[in-house]
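Next up: just one chain, as structure tokens, the form predicted alone.
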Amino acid sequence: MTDFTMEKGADGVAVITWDVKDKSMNVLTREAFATVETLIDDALGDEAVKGIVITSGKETFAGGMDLNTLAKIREESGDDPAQGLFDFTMNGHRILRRLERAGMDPKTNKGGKPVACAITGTCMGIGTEIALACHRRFMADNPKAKIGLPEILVGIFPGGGGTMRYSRMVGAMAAAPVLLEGRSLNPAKAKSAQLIDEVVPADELLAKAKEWVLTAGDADIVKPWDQKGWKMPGGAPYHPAGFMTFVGASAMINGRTKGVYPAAKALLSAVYEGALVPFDTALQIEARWFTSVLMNPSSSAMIRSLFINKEALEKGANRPAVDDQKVKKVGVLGAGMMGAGIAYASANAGIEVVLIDNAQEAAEKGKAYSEGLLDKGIQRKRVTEEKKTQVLGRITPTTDYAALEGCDLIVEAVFEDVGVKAEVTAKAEAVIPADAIFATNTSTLPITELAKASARPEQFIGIHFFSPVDKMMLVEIIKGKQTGDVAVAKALDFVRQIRKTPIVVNDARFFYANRCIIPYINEGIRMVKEGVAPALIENAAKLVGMPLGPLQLTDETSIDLGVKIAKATKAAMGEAYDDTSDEVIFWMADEGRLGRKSNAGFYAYDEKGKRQGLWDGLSEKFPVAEEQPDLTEVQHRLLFVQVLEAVRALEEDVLMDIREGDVGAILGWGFAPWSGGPFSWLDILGAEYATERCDALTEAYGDRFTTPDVLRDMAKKGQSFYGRFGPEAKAA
């Protein structure tokens, strides 16, 4: 069975249906694209066929290109992967150009056959690019469906002609949200943005597309850029208006990406250069820039982590081989910010929720949090009143632990105190079924220690949600020493049910995410004490791809929380604890500067809580040194202090899969997404160079930069992390 089939109707319309049988959503492979060309040639060459409709056999239209294909082409191309990728891209252009021209005479633009695209539902990537090559696009009226070109979000850009076609349709400025920001639009907004031409009822979709095909004339199917006298909407680069557009776009891109994401700059370059030449030449320009991005190690790393690895983890790559553990009823203990967020995510996924707190008022307030989020969704037309009623109807706020009867999963989200957590554990276990799983939501407390309060430690596990729960995609699952496979499977299945990405780690202080992010914060604060300019620290972090500088991050998470963690860590570690950065945050806390929540921290804030810049008083207590380190030195301190903890977590078997290390870092605390994550970044640098830098940083700044044994061994053997620890290496 092929992915594409064609049926020629008695009405003269050939319907090409895309339906990948073994997948929930259509993705395009190299082999399937070859089939498309054969079918197009057949339809165009058949005199009985008056026109073509391309549609899907699924409720969705397409999920995009199978990105594994690009990796295979690179491997197959041997010593010249760039040529192989360029040839593949140009072959795709040739096929879609054949579809777009549809047999019309090259001189008169007459004699072509109309081609319509009947978009059944969500349409992304190459699916949208195929649609753009058609002469008219019809989309089913489903507000949940989206259409877009989101390639920029995984480190590449639309390389199947989408960049050239869409920018020429609407102009560079109007195309920016779709191309440069990767926005996906519902049918109504997509029509306004000219991604589609008509929104029609789903049951009329195919009929409407056929009707148009049978009535379209020569003038209806010639694309604007194939007509004489065509001009770029909004102005070409040499036009005054166009010039200003591209200047502004360049500034916007550099402002947002800080120059570390190659795809955005390449996309703008392709649009700029492509606007100066005929369309077929523009496609060659697009292909060259697309190939350039694919050859950039950042692109490969982002695709691997944000697409291939992320998808593998979400599909249960490391799930124990036990029966399905789908959650039917969850009990959430604690209706504060975290518990309320967990309750919302669960109810929104169709799970019945019992939300417990000490006071009924607090429990009701926790439920009200969900109502607030749903109301915002209604205002943005993403949620219906019916959906709101259904979600809220699944949440039962109460103080009565007896309501937990029948829950197959408990998620405890009470105050970060061993005694408090032990108390609610005992109360819940007295009511819940014998086979129920108990999960504790904690960011720092050891799971094995907390499990001592449980009568069934093999069914006790840690689930660390990141705040705010409704926005953060990562969930860290922590195995205690006695945690069993069923508990792990239950946690994984639950996280997948609520549509988040899970990673599984073994129990250790700070687990994985906090183990890596705390040193980043401490390094920034340490540099303040050393006299490094706070602005240099913050901007160095952003210029290397971190979403927030360490000082701003401290303000956001609150300085008094940092003090609390520091005191607890010192009590646990004793003489092994490094208190170098404590002087700064302890002093800040004593000054009442607790971060954003107090409108006073490393940054100054106005009365509305808006940042006004770094606080001047910081330099009075910790003067800025006359001689400042160079930018790269500061960046390496901030990145290496994180990645070395990731490597140590791998060495100590806290982290069991480097894919989880990379995906967890990007989704959990925003580690330089352009790099693909800590292990991908070290692979980009190379183990030998990374070792040299660690040795130099250790000599200059101390033992926290000591080269891990595994990294030094890899440097000697010329190995990479994915070559040694990746899934292919494990399989071998």
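Quick caveat, the model's predicted, so the values are computed rather than measured. Throughout, we count residues from 1 along the sequence that is shown.
Omitted here: the form predicted in complex with a small molecule. The next part is about that form.
With the partner omitted here, the stretch from 327 to 335, 452 to 460, 300 to 308, 120 to 128 that lies within 4.5 Å of the small molecule by heavy atoms in the predicted bound form is 327 to 335. Shown alone here, D357 lies within 4.5 Å of the small molecule in the predicted bound form, counting heavy atoms only. At the 4.5 Å threshold, heavy atoms of M588 stay clear of the small molecule in the predicted bound form, well away from it. Of the heavy atoms in N441, some are within 4.5 Å of the small molecule in the predicted bound form. Although the partner is absent here, V431 lies well away from the small molecule in the predicted bound form, with no heavy atom inside 4.5 Å. Exactly one listed residue, out of F279, Y401, F510, F246, brings a non-hydrogen atom to within 4.5 Å of the small molecule in the predicted bound form: Y401.
Shown without its partner, this chain lists A172, C516, A413, L96 as candidates; in the predicted bound form, only A413 has a non-hydrogen atom within 4.5 angstroms of the small molecule.
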